[in-house]
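Here you get one chain, nothing else, as structure tokens; it is the form predicted alone.
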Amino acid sequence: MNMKEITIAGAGPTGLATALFLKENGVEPYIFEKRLERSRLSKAFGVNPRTLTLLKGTGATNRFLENGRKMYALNVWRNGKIVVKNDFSTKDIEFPFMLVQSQEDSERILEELINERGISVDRGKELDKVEQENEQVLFGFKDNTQFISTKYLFGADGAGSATRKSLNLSFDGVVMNDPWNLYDLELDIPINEDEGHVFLLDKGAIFVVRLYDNIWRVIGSVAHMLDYLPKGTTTGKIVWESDFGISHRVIKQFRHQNIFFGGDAAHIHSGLGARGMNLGIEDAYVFSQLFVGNRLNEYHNMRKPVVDKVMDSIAMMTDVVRGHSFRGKMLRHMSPVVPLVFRFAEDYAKDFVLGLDHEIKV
């Protein structure tokens, strides 16, 4: 049995970015994916400046910029008025904006780049079992009794990670019972089309951003949320709609012997702040740098505190948006104080959304 050096389970953004970062450092990974084709449905749509910076040396950033659309501000509305304007363009950084781009496009571009470097995703391979045996990792696919040997395995196979489940690793956290709704649809709406918008309602909120052309994404935690769009809005064809729940979970150990975890396989949370895909690509970068530097023993200690901190912030933001917490109720019923509250935390709020709330030292 020929043992592979490094295997990546999962060809979502985290797995593809890991393969790209490794190849850029002279490492030839094997990457497999159970899906025969990339999904055309994308919950993730924001690429932050941190991700653009990390990917810059791979050529992905230029292609992302050519493909996506720049969003320069995020506005918070209450009672028909903008009470906070989070202007990203004031940040003195190379990419002072959020790049609006579907996860489908992000995956496509990343896969094109690894293909150009001679790496192909082995599709249609559904993981069945993983186990550590001495200094190697053995894994097998469903409908195939033969085990494959690899020295290291990076689990980037999503929230339902077969890698994590096969090892019976804990994935603890909380589940929020209120349903969330998502629409991608045609809108003629009287708001700035190059900025994002959060509308604080009495019970919940809705988030609105233009994806491309006249297709907008609307996400919310209130029933009949399209009825709460600004006066004068005209709705058209619905391209995609989905109901989903929110869980906040994080793996206890980012490393289990020679098996490592990143992306949704290691942490899931609400989409507020657009950190999910971006945090996964950050996992990919840190892992690849530690791998080529023979420092994998540092991976858990480098990622777990960062992810925990980010998730704490997301949990707080989610409570505010849902309107269940004291902060959320205060902001709704004392809207004149919202700008004052925001000014107090303005720099942190910008850094958080842009992915700049912590340093990466590898």
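Nothing here was measured: the structure is a model prediction, and the numbers come from that model. In case it trips you up, residue 1 is the first one in the sequence shown, and so on.
Only in words, not in the display: the form predicted in complex with a small molecule, which the text now covers.
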### Query
Tell me, which of 182, 191, 226, 169 has a heavy atom within 4.5 angstroms of the small molecule in the model of the complex?
182
### Query
Which one, 198, 187, 162, 109, lies within 4.5 Å of the small molecule in the model of the complex by heavy atoms?
162
### Query
For the chain seen here without its partner, which of 78 to 86, 228 to 236, 288 to 296, 275 to 283 has a heavy atom within 4.5 Å of the small molecule in the model of the complex?
275 to 283
### Message
I'd like to check something about residue 158: if you look in the model of the complex, is any of its heavy atoms closer than or equal to 4.5 Å to a heavy atom of the small molecule?
### Response
yes
### Message
My question is simply whether residue 71 lines the interface with the small molecule in the model of the complex - judged by any non-hydrogen atom within 4.5 Å.
### Response
no
### Task
May I ask you to state whether residue 64 is within 4.5 Å of the small molecule in the model of the complex, using heavy atom distances?
no
### Message
Can you tell me whether residue 150 touches the small molecule? I mean in the model of the complex, with a 4.5 angstroms heavy atom cut-off.
### Response
no
